[in-house]
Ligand SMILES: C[S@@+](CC[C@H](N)C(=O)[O-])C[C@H]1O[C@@H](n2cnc3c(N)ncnc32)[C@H](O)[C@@H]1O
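Next up is one chain by itself, shown in structure tokens, the form predicted alone.
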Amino acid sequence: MAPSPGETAEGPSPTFLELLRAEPLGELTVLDVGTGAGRLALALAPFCRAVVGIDRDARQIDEARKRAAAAGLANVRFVVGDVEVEEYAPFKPDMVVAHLCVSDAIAERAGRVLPPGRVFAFVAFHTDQWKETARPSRFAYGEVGAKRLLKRCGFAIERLEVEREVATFESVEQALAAAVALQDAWKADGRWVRYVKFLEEGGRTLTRAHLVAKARKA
């Protein structure tokens, strides 16, 4: 599972990594769902007993395996699979993590596989991500929705916060230049027209917003 068109697979935030490293990772097998090219899994592997990364994109998994081999990491493996369809029990995880790959189905599966006391932690797109385009990602969550989901899946929330960065521009040209890397994807999904309209009406911002969560199975 990859970010939807018009999103970016950014590196894990220091806050998120700090939350994960507060756990006894050396004793844990961590399942990284929607691992992509393995950026989070590879960052965690030196601290963990074992890490398993799973993603349905075989090309991304191949890249993750190459990166693990190049780094000499023997305690991480990558598997092709659909994280919204497969159950996680075969991987025997002690912790489930997800970075910009979050859905109700993922949270439900984490809730089923983790025993009491174990952690599900994630970074999701917040509903304010690219709010200037007036089109939230279908993978985005607000605080209320995330709280309801985690509670329904049997988790007690320990940390839930929004990391938000709002870029402000002096001109339309600067604003368009800042979004140029997203132009093709935004044109395909209708966001580009809406962003241009926002700028024509006097807007001069572009918002990045992620929801960081850590919850423990009750």
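In this text, all values refer to a predicted model and were calculated from it rather than measured experimentally. Position 1 is the first residue in the sequence shown; the rest follow in order.
What follows is about the form predicted in complex with the ligand, which we do not show.
By the criterion of a heavy atom within 4.5 Å, H126 is excluded from the residues contacting the ligand in the model of the complex. Taking the partner from elsewhere, D104 is found to have every heavy atom lying beyond 4.5 Å of the ligand in the model of the complex. The ligand in the model of the complex is approached by G81, whose closest heavy atom lies within 4.5 angstroms of it. L100 belongs to the set of residues with a heavy atom inside 4.5 Å of the ligand in the model of the complex.
For the residues D184, E163, E63, D57, the 4.5 Å heavy atom test against the ligand in the model of the complex is passed only by D57.
Segments offered: 70-78, 143-151, 107-115, 92-100. Contacting the ligand in the model of the complex at heavy atom distances within 4.5 Å is 92-100. In sequence order, G34, T35, G36, R39 are the residues of 26-44 having a heavy atom within 4.5 Å of the ligand in the model of the complex; the partner itself is omitted from this view.
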